[in-house]
Ligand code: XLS
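As a starting point, one isolated chain is supplied in structure tokens, in the form predicted alone.
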Amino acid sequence: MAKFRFTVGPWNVHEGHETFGPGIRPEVPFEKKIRKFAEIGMDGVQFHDDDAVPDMNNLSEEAIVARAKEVKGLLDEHGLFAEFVAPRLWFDKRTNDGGYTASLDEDYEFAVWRSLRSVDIARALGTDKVQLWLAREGTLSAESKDPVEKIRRMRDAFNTILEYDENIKILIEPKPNEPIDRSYCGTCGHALAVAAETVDPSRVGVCIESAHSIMAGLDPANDMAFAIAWGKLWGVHLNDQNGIRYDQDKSFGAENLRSCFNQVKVLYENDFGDNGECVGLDVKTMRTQPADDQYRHIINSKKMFEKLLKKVKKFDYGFQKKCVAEQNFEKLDYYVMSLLLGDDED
């Protein structure tokens, strides 16, 4: 069993911006975040393209690569690696109505250009993974697009990325809604269906985020299991979520303890990490959190994973088999909850 490796993104330390209010904490310089990630036990860093190369739209392709190589040096200095690069299409005014599913051809072309630059940045950072969070790939007005045409065009964009670099891998990170309200690729099943229709399905997998599965009314552990069954779980974003509402990105284990236990369990039982996969944390600090302790949500999430991993390792498979043979699942439920409560001797 490979040692679990943990990653986090620079966006997980922020000023407290939200839909209903502006930032309230001072901005933390990028270099300081990288240094702190190493100090708190992270192994690697997740990147949006413009985390690594700010203002990249106004730079030449050569300058983009040069800046990314400088960031690679910073990572090396602190003993960190880059897990993936994700094109931040949803921030640009040209992709307000989608990138790969944009209404206007020129906006689609921009989205593809930006995605290929993410491949360039990934190469410079030393990773072979680009992650596609399909944030606006769908509609705000259902009748504004031909959904069949746009879904096929999304597939075509993936093909362009795969053909640009024969070594690059795509991780699709599905989400059912927000900021759009009708996603074209909202779940793990959708993502794997699109992957199967690309020019090289062997290079397209998924990243399952706990909160996104919950927002779709699904179980995160089962989504992970579904992807694992086909060899397609290449990343996870662990966090927590209070029901089917806006994307909260709460600290892992803060809301749904048994669900989080089963997420760790399915990863552990299936040797997640043996092929270089990472345990990604995608968590937001509370708006109320003091600036001098604004990495606590990341620290707590890693600690919670490690605590639940200890519980997973104590799980009595012999007792489970006995319960299954007896079809006595009340007994099994009580055992699991007692294990989680630290009262497994009862």
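Keep in mind it's a predicted model, so treat the numbers as computed, not measured. Position 1 is the first residue in the sequence shown; the rest follow in order.
Another form, the form predicted together with D-xylose (XLS), is not on view; read the next lines as being about it.
- D-xylose (XLS) in the predicted bound form comes within 4.5 Å of a heavy atom belonging to Trp133.
- At the 4.5 Å threshold, heavy atoms of Lys175 reach D-xylose (XLS) in the predicted bound form.
- Among heavy atoms of His237, some come within 4.5 Å of D-xylose (XLS) in the predicted bound form.
- Taking non-hydrogen atoms only, Asp247 approaches D-xylose (XLS) to within 4.5 angstroms in the predicted bound form.
- For a residue to qualify, one of its non-hydrogen atoms must sit within 4.5 Å of D-xylose (XLS) in the predicted bound form; all three of Trp11, Glu209 and His212 qualify.
- Annotated contact segment (heavy atom within 4.5 Å of D-xylose (XLS) in the predicted bound form): 167-175, selected among 251-259, 167-175, 218-226, 72-80.
- For the partner-free chain shown, just Asp282 of 273-307 comes within 4.5 angstroms of D-xylose (XLS) in the predicted bound form, judged by any non-hydrogen atom.
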